[in-house]
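Presented below, as structure tokens, is a lone chain in the form predicted on its own.
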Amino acid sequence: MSLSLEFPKGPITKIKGTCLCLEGNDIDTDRIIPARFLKCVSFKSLGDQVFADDRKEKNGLHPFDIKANQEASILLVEKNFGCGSSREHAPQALMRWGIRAIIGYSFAEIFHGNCISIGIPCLTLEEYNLTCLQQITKEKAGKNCSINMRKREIVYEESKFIFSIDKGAEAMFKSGNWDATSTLISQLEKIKDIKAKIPYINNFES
């Protein structure tokens, strides 16, 4: 569990780390973070609960429990990852575990959007290239993988892969505009100025 990683902030153009393979299609958000953990009042502890039920079933052999994967920050998935409910807790849990990028064949739309909003790029590869990347990860566990968002390139040892990313998401990561809260705070004076000019929220008489 990569607790030492800082949370994403600002423009995201390069990501470097080790990979973790999670096999299986249609892995839904209820598996990523079971519903009983949604009652939390903050996201802080969700990293410990990611894939809680799957990990219990695997009895220490789940990819998120294997010792060699504990510092991984790049998650390799397959088809339709993040389907099911729209809970934002799913990407929040992955981020708090230490995941900073997800590479797969396809992603559920709402999950993809929730990842963008917290600074986790979801990158897609053709099925053959994804299989090759998974195989390299299994053979060379612990080796660093580099993601270059400007070149749309993944470099793992001597192998290179060109990924796809939604153009809107790509622009937000390159500019840093994925972080809506920071964008709002940076425009605070303009917001105050506009507020002062709106008659129906100013100068009310008591």
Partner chain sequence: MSSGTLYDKVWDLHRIADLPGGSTQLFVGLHLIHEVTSPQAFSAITEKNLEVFCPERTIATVDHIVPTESQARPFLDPLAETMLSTLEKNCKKYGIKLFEIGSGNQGIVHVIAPESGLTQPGMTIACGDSHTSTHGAFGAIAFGIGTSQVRDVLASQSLAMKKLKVRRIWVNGQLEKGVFAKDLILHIIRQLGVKGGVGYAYEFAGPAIEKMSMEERMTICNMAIEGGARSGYINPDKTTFEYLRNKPYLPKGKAWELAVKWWETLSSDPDAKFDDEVQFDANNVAPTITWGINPGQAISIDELIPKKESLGENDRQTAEEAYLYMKLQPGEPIKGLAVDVCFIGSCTNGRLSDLKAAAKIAENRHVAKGIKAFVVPGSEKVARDAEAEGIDKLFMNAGFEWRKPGCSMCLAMNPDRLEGNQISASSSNRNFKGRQGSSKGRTLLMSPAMVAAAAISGSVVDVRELIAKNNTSQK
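On a predicted model such as this, the values are computed, not experimentally measured, just so you know. Residue numbers count along the first chain shown, from 1. In this text, the rigid core denotes the largest set of C-alpha atoms whose superposition between the two forms falls within 1.5 Å.
One more form of this protein exists, namely the form predicted together with the partner chain; it is left out here, but the text below deals with it.
> Which one of these stretches, 64 to 72, 27 to 35, 148 to 156, 135 to 143, sits within 4.5 Å of the partner chain in the model of the complex when only heavy atoms are counted?
Replying inline: Of the stretches listed, the one contacting the partner is 27 to 35.
>> When the contact criterion is heavy atoms within 4.5 Å, does residue 131 count as touching the partner chain in the model of the complex?
In response: No, no contact at 4.5 Å.
> Can any non-hydrogen atom of residue 181 be found within 4.5 angstroms of the partner chain in the model of the complex?
Replying inline: Residue 181: yes, in contact with the partner chain in the model of the complex.
> Do residue 107 and the partner chain come within 4.5 Å of each other in the model of the complex, heavy atoms counted?
Replying inline: Output for residue 107 is yes: heavy atoms within 4.5 Å of the partner chain.
> Would residue 164 count as a contact of the partner chain in the model of the complex, using a 4.5 angstroms cut-off between non-hydrogen atoms?
Replying inline: Although the partner chain is absent here, residue 164 would stay clear of it in the model of the complex, with no heavy atoms inside 4.5 Å.
>> Superposing on the rigid core, I want to see if residue 195 changes position between this form and the one not shown - specifically a Cα shift of 2 Å or more.
In response: Yes, residue 195 moves 2 Å or more.
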